[in-house]
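One chain follows as structure tokens, the form predicted on its own.
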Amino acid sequence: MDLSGRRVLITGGPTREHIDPVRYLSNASSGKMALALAEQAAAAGADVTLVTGAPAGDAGSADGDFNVVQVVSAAEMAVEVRAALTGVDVFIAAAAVADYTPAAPSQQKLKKTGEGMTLQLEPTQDILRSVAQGPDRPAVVIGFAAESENLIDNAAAKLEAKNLDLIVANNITEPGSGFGTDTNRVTILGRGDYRVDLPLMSKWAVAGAVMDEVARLLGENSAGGGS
């Protein structure tokens, strides 16, 4: 694959939605998949920016010539994605962005009272949808679907609803395919019933397969196939 001269923007890792200065809502994403994607894209010659949520704080020390932007919350990730989007050819949303965030986070540490607490949440911005359906949509937009049931149906619905070119789906309950692992087994879905089922392999190898798909789609666009 050759991505020379292409600009690739990738999101990765979890977001942390703070309840107070010391407590937050998050998930078990490690950011390893996004890091592998950034490394593979850079190795293929692309100009790569990785916008990554905590705790992937060591992403900047990874092998690979790419820019790392560290964020914490979904709101911060949305801002950084928007700032980096101009001129991007490929957007890959591999981050596990929180769907909800506390409506009124406390500026001070909440004290334990021994009683129950009700936490009001509000939805976060759908970063992937805003990019895929926005006026400055990149030529190729790819999402990820980490599912625990109905893998193909749920991923296909997300592909259609968010106007994606590809979606990379994995079952997080399957051994070796969950959060924090060094391996993954994915199914890649595209438009027109396009489907590629990959065996269990390293996340580095999965990232390489995704970049092969990116190169294919960019080639189709250059030939007038559209995206």
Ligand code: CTP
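In this text, residue numbers run from 1 along the sequence as written. Since the structure is predicted, the reported quantities are computational estimates derived from the model, not experimental observations.
Separately, the form predicted in complex with the named molecule exists; it is not shown, and the next lines address it.
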ask   = Just one of Val71, Val140, Leu151, Leu128 has a heavy atom within 4.5 Å of the named molecule in the model of the complex. Which one?
value = Leu128
key: 4.5 Å heavy atom contact, Ala98 to the named molecule in the model of the complex   = yes
ask   = Can you check whether Ala146 is within 4.5 Å of the named molecule in the model of the complex, heavy atom basis?
value = yes
message = I'd like to check something about Lys162: if you look in the model of the complex, is any of its heavy atoms closer than or equal to 4.5 Å to a heavy atom of the named molecule?
response = yes
Heavy atom of Lys158 within 4.5 Å of the named molecule in the model of the complex = yes
message = Heavy atoms within 4.5 Å of the named molecule in the model of the complex: which stretch in 98 to 106, 132 to 140, 111 to 119, 82 to 90 meets that?
response = 98 to 106
